[in-house]
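The form predicted on its own is given below as one chain in structure tokens.
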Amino acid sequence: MRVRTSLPAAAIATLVSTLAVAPAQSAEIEFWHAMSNRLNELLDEQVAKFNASQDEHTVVATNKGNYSETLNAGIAAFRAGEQPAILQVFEVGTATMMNAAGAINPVYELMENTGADFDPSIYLEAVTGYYTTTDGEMLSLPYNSSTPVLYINNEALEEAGIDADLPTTWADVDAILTALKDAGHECPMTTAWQSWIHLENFSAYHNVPFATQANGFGGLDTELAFNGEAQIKHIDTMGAWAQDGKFSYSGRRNEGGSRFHSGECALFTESSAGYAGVKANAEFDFSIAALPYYDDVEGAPQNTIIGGASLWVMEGKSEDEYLAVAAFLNFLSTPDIQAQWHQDTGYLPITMEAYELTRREGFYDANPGTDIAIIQMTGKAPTDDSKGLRLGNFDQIRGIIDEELEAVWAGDKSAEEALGSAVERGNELLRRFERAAGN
């Protein structure tokens, strides 16, 4: 149900005209991104609105593949002197971008140098903390930020004779999965993004370290630590579910989405941004629950961390191009644009004003569960173990984690063996990144 409307074009034009105080010549800027399918359509709508709202600047948005492919395309383009003005980079690429000497123009410097009206205090700390310096200066603009939640096919539970409240703990989930299996359901649960949800966010939500040095925020000499007692317990539990037919592995990315949308799988741990796909494709009544936790782990639940991506401004552009970039980034931060993006996609609003606008318009009342991601992220002040992750070579480390988790689901390794191996192998990549950054 849609309860909001877009600002008229004239109103947007008036708004955007105030975003940069310095005069500008006409500029066309390139924006490379990784959004696909419905998200690509919604991104294109944003760009079209900005282009129509003023006659000074033009943004040209181009999809460059998935997140890894987009980051690699941006790096290759910079080396060739053909980089875009704006590059969308997923959160695990943050350390790579921070250490790319001479490649980026930090957002806080861009806004200051262009004279743009920029107030960093309007952004949600739980979102921006991932993309700021230790002094709180914004390096990149959060664009699509999400956090994991649990989607539930209510009709599947009803058909299995399950009458239960929304689960809050993994013990609650286990009881539901057992009942589904006993009722003959062939896929009680699947997941997307297994490392991000079941290790990275699991660790933050239980306030246990994923890595030392405040998960990498404290320095490059960090070591992985996700083979602790709590993580081993959870992966061991999921491994047992896999062997019992209560958890069905779908793949490393979001291959499980189609299985949940079709009704094949009853429970689905996925990004809050999966809301757009579930709402568009599921032909059944569904609920959204917070990510479950173990209530015997002290401090749980803490807060989850974000996934998604931010927008990095690349070096090597003209003054007029940077004026265009500043205007576009400010446009994306306006309450109406942010609220619509949040409501359409399930991504978090990056400002409190956009969240309050969505609440006042009744969106959360009309779409129960769509505020869970925000509550889950902001209910508690982040700790060193729940602020986020800033690790070098993290995309490759995730590949190692995926490989080791697959061995657990197949019954080839215990959780302790797999996580110990992933930590050992991942630490080798961290040392390689540290050496490269030191040069």
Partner chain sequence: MAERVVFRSVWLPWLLVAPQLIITAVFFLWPATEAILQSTELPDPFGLSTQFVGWDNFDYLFGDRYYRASFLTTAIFSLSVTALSMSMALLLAVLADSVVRGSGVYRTLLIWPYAVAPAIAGVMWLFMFQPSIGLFPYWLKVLGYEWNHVLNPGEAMSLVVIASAWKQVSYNFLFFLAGMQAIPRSLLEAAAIDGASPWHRFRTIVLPLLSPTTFFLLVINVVYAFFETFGVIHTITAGGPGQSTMIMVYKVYADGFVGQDLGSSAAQSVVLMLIVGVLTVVQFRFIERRVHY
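Positions refer to the first chain, counted from 1. Fair warning: this is a prediction, and the values are worked out from it, not measured in the lab.
Just so it is clear, the following notes concern the form predicted in complex with the partner chain, a form of the same protein that is not shown.
(Q) I'd like to know whether A179 contacts the partner chain in the predicted complex, with contact meaning heavy atoms within 4.5 angstroms. (A) Looking in the predicted complex, residue contacts with the partner chain do not include A179, since no heavy atom lies within 4.5 Å.
Q: Give a yes or no for G251: in the predicted complex, does one of its heavy atoms lie within 4.5 Å of a heavy atom belonging to the partner chain?
A: Within the cut-off, so yes.
Q) Within a 4.5 Å heavy atom cut-off, is N393 in contact with the partner chain in the predicted complex? A) Yes, N393 is a contact residue.
Q. Is E264 one of the residues lying within 4.5 Å of the partner chain in the predicted complex, judged by heavy atom distances?
A. Residue-level check for E264: yes, a contact with the partner chain.
Q: Report the stretch among 76 to 84, 215 to 223, 159 to 167, 321 to 329 that approaches the partner chain in the predicted complex to within 4.5 Å, counting heavy atoms only.
A: In the other structure, the partner sits against 76 to 84.
Q: Give a yes or no on whether each residue among L71, E404 and R432 has a heavy atom within 4.5 Å of the partner chain in the predicted complex.
A: The answer is yes: all three residues contact the partner (heavy atom, 4.5 Å cut-off).
Q | The single option of I375, A410, A48, A381 touching the partner chain in the predicted complex, heavy atom within 4.5 Å | A | By the 4.5 Å criterion, the partner-contacting residue is A410.
Q: Using heavy atoms only and a 4.5 Å cut-off, determine which of T96, N367, Q338, N207 is in contact with the partner chain in the predicted complex.
A: Exactly one residue meets the criterion: T96.
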